[in-house]
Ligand SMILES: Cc1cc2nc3c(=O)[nH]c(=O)nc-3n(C[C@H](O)[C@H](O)[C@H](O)COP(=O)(O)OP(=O)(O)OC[C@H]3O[C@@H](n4cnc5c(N)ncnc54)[C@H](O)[C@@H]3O)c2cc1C
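Encoded as structure tokens, the following chain is the form predicted alone, with no partner shown.
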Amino acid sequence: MADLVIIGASYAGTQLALAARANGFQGSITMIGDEPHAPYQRPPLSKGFLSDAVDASSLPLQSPERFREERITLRTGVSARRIDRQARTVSLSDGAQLRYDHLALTTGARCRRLPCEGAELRHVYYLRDLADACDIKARAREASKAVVVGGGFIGLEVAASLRTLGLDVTVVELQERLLQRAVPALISTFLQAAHQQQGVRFRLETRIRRLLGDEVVTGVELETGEIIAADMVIAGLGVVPNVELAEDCGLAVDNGIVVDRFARTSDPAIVAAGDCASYPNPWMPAQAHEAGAGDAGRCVRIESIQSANDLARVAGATIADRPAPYEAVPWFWSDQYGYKLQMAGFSAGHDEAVMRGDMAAGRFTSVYLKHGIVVGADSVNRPQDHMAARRLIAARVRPDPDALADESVALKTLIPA
């Protein structure tokens, strides 16, 4: 009977194992994770968990009973060191060696490090896993001033959580606006205003010269000469895909482990999914560049739970010899204060935007069209619009812009039967 080994125990690894079972795979499944924990939810780490609204007990992705029922063996606290494709073996950090018939790489990504003097001082943090979140949370109980480096989603969510806890927060961003590679300017403007209303300060188009302090960080010196006092610094500079295992064993890599629409790598015995995988996305506009996405001829690497789960389902079906191509419309969400931003499709490259609702009231949807076809939508506190927009994008609808803007017309009524 065939053996499946999964390297990486998070969303993609868990979903891939469950999808393989759901599609009839009967062989053994072993999942390798370098953290001591069983797979857990990561989005709350920068949101509810950090702000004390979510308890650690609610984080596990699946119960131990579910893994037992699905005959999935978890090996936590151990990492993969080498893949031998000829022998079809994986060597682990504890000296063990696993044989595989099918191998899945769901190795994820790691945080980019601060490239400045002082980056190794104490109380300089990155947020990628539960241990990181616990460290930030513990320091936040003692600190009063925080500097967040990076105005992307992680940076803004951490800023909102720390401000909710009562800390003085300053965000330093290199680009001229927040989330510049991820959202259009109107969304950046809305979110910046929302943070400023809560007391967050911003330094845009600003580079850090160095972090100050002897052993413990005490401040941030900007290239402008300004010094911002800080009891803690959190860096949110994006991530780098973990592709070293794939590179070392000769798999094709290009801003991620390259896979086809069935999640297959350049070795047919190996699939990949999650933040480490670069794959053809049918919804990716030509020449578009998104946050967390590398454009390689319509190949894309999207750092989101939705992408990890959807591509993992495809990979699981491929392993079970029931291949179905990746066709899911990308979507993403972010919670900041009382606002839920939900994104669908790709807004990059649109030539028309239609507004529904009232931005001033914090409840609106911006729908993006290209050549008259809906290609993306950003919704704030309008979940029904978001769900309908995903279906409009999937159907490649060419709606009347006046109907899109008319709030008396529900978006779902524009979806063809």
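Throughout, we count residues from 1 along the sequence that is shown. Because the structure is predicted, anything quoted here is derived from the model rather than measured.
Same protein, other form: the form predicted together with the ligand, not shown, and the subject of what follows.
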For this session: Give a yes/no on whether E173 approaches the ligand to within 4.5 Å in the model of the complex, heavy atoms considered.
Result: no
Exercise. Should V78 be counted as a contact of the ligand in the model of the complex, where contact means heavy atoms within 4.5 Å?
Worked result: yes
For this session: Look up in the model of the complex whether C249 has a non-hydrogen atom within 4.5 angstroms of the ligand, and give yes or no.
Result: no
For this session: Evaluate Q336 for contact with the ligand in the model of the complex, applying a 4.5 angstroms cut-off between non-hydrogen atoms, and reply yes or no.
Result: no
For this session: Tell me, please, which stretch of 226 to 234, 175 to 183, 210 to 218, 124 to 132 lies within 4.5 angstroms of the ligand in the model of the complex when heavy atoms are compared?
Result: 124 to 132
For this session: Spell it out for me: taking the ligand in the model of the complex, does every residue among S10, I32 and S46 have a heavy atom no farther than 4.5 Å from it?
Result: yes
For this session: Could you work out which of Q342, Q192, N242, T164 is the residue within 4.5 angstroms of the ligand in the model of the complex, going by heavy atoms?
Result: N242
Seminar exercise, completed: Checking R356, R391, R382, R42 against the ligand in the model of the complex, the residue with a non-hydrogen atom inside 4.5 angstroms turns out to be R42
Exercise. Going through 84 to 123 from first to last, which residues have a non-hydrogen atom within 4.5 Å of the ligand in the model of the complex?
Worked result: T106, T107, G108, A109
